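Starting off, we have a lone chain in the form predicted alone, written out as structure tokens.
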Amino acid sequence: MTHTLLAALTSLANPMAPSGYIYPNEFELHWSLLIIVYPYLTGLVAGAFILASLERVFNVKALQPVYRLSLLTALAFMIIAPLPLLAHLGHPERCLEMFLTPHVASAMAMFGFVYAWYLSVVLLLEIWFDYRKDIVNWGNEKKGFMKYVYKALTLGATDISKKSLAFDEKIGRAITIIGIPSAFLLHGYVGFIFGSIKANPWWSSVLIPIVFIFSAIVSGIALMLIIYMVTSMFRWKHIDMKCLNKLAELLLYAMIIDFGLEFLDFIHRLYESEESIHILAEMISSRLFISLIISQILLGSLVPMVALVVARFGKFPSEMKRILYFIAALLVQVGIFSTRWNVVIGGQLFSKSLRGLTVYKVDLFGLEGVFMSILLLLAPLGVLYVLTKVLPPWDDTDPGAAQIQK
């Protein structure tokens, strides 16, 4: 009785202290911020590509202003996506083992092949076929160093006749169709890694891969909404409200599905009420209360959905709609990052004996620190800036892109 009272008083005095029984090897978490950043970045890749495919495959013409921008965004984030894993390895050269000694029964080992397929066959090829006509024209028009850059990018294919361009369109569409399931595979396998760990009741769920896929779609659409608005503002161009409204609609529908799946997963766990339910409930009410209840559910899901409904279907001026869309998209990014945090960190906070909770303290410096994570999150935006300079995605001949009067 005295022991229990002392433990309770200690917990109240220091809520971040470990509680219950924790084995020494469970006190320190092995997966930290970098492993949170990785699925967050891959989700943005998959979501941006799926958004682009809606215009190319499903002929959603309202999304035309963000089609090429979505492809370049997916490529920029795809280039940076493996860096968190490489930094976490400590010895990045060890990643070559997955290519030299492939093991098809390991989801982690197969990542290298999924990544190589998606980067080279899907993204690079689709972008090349889509830009080939422009690259040939730029190679003929530009002067100096960039002229030779575009000449090299043509890969010797300089025929831009109608027959050749029709072939490009046909191949590009086929690649996009192949790329849709590839995007699902790219991010679904991340959820599969967690969901297939039977020994961890927080991770073990058949719905985890599906939740990861839809949360990726949500984060990708929200990211494109932000990037489209910001780039239009810096380029002094009007925002196409048809495109923005369509992005908001798609974001809202994807969020409803994603939130429904997460709620279904919660109900399923509650209904099963396995022996782990008590320690998981304690973890949610203490360690993950802010990141799960406040950040993920309230600020990252409910508030953005309400804002999107009000802005899209309410009678507001365009300026007010744009502000609400932008705030909702920012909150969605906070919610999706919190989702990744709760999955990766939450699954390591309780003991394997289900008798205690540990804590996770974030470092500011070092490879696993906050500053490195921020750098990896900002790096794709730098890559995207370079890509848009080399391969401009803007269609300034569009009437909706008229220049703002300064």
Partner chain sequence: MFRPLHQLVPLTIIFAIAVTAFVVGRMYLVPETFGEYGHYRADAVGEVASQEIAYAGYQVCYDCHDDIYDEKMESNHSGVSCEVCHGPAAAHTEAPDEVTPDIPHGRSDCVLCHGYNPSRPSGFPQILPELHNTGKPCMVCHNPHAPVLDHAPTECSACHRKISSQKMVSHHALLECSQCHTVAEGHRTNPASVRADKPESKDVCGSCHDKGAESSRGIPRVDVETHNARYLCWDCHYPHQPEVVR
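Residue numbers count along the first chain shown, from 1. Only a predicted model underlies this, so the values are computations on that prediction, with no experimental measurement involved.
One more form of this protein exists, namely the form predicted together with its partner chain; it is left out here, but the text below deals with it.
Honest question, do 113, 157 and 164 all end up within 4.5 Å of its partner chain in the predicted complex by heavy atom distance? Answer is yes for this spot.
Okay, which stretch from 121 to 129, 233 to 241, 213 to 221, 320 to 328 lines its partner chain in the predicted complex, with non-hydrogen atoms inside 4.5 Å? Contact criterion met by 121 to 129 only.
Would you mind picking the one in 168, 265, 134, 249 that has a heavy atom within 4.5 Å of its partner chain in the predicted complex? Filtering the options by heavy-atom distance leaves 168.
Just give me the single entry in 181, 314, 260, 102 that has a non-hydrogen atom within 4.5 angstroms of its partner chain in the predicted complex. Looking at 181, 314, 260, 102 one by one, just 102 meets the 4.5 Å heavy-atom criterion.
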